[in-house]
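Just the one chain here, laid out as structure tokens, in the form predicted alone.
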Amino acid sequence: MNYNIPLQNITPLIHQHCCNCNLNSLCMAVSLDTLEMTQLDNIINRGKALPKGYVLSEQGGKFESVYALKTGSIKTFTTSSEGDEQITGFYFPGDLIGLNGIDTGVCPNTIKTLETTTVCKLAFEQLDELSATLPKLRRQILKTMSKEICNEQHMLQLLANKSADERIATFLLRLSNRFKSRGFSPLKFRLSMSRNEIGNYLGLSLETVSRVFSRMHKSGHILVDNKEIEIIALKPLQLLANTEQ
């Protein structure tokens, strides 16, 4: 089920300013001083927690806003004319989502919550106007866009050159690094996406993903308990991922 309730119609949470947000070191406010944070804070629309399956924007819709993820997780995907879904990314607290619509003014993919999620919504027109007066903010936006390009290039290399075991090992290690950067455990975490969604993203079948997880569990690389993952042997997992290539 999709929940297409307009975000602005959702009852607001108690207001939390950027300056006291524990994610400002990961988000756009990373390099701003207190006054600049206040200016950014004034254009942010916050709402209460969104349910799993909530669609923030749809492929082909008018590009109007970007989203800073505060809690929960999100996936982006494209849908072919035949109705086939291709997942293009997974996002976690501190990530900025939606900048890829700037060029055409059209949303190139659908943005959908994977679990209960909260976001900060920013009208791009206002963000663009503010960044014109705050060079540090504009630079941070450009850094975020550059990071997205690098991630897409890495994903293309992953799909072109790695086996199924290498793809999943690399996927788990990248998640580990992302959780670590957010102050969470890099060795024990929960997968908010399904096995089928992981396979879709990595270009693997559901059966292959399940077999690889089972193989890694039996070999002692990881412990798997439904969606809970614990990395037991980090170095062997890194070798399996063939990270030096």
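None of these values were measured; they are calculated from a predicted model. We number the residues from 1 along the sequence you see.
If you look for the form predicted together with the DNA, you will not find it shown, but the lines that follow are about it.
- Looking at 32-40, 173-181, 57-65, 210-218, the stretch with residues near the DNA in the model of the complex, meaning non-hydrogen atoms within 4.5 angstroms, turns out to be 210-218.
- Proximity of residue 151 to the DNA in the model of the complex falls outside the 4.5 Å heavy atom cutoff.
- Using a 4.5 angstroms threshold between heavy atoms, residue 50 stays clear of the DNA in the model of the complex.
- Contact check for residue 99: no non-hydrogen atom falls within 4.5 Å of the DNA in the model of the complex.
- Though the partner is left out of this view, residue 206 does reach within 4.5 Å of the DNA in the model of the complex, counting heavy atoms only.
- This chain is displayed alone, yet in the model of the complex one of 104, 163, 80, 157 has a heavy atom within 4.5 Å of the DNA; that residue is 163.
- Along 116-134, not one residue places a heavy atom within 4.5 Å of the DNA in the model of the complex.
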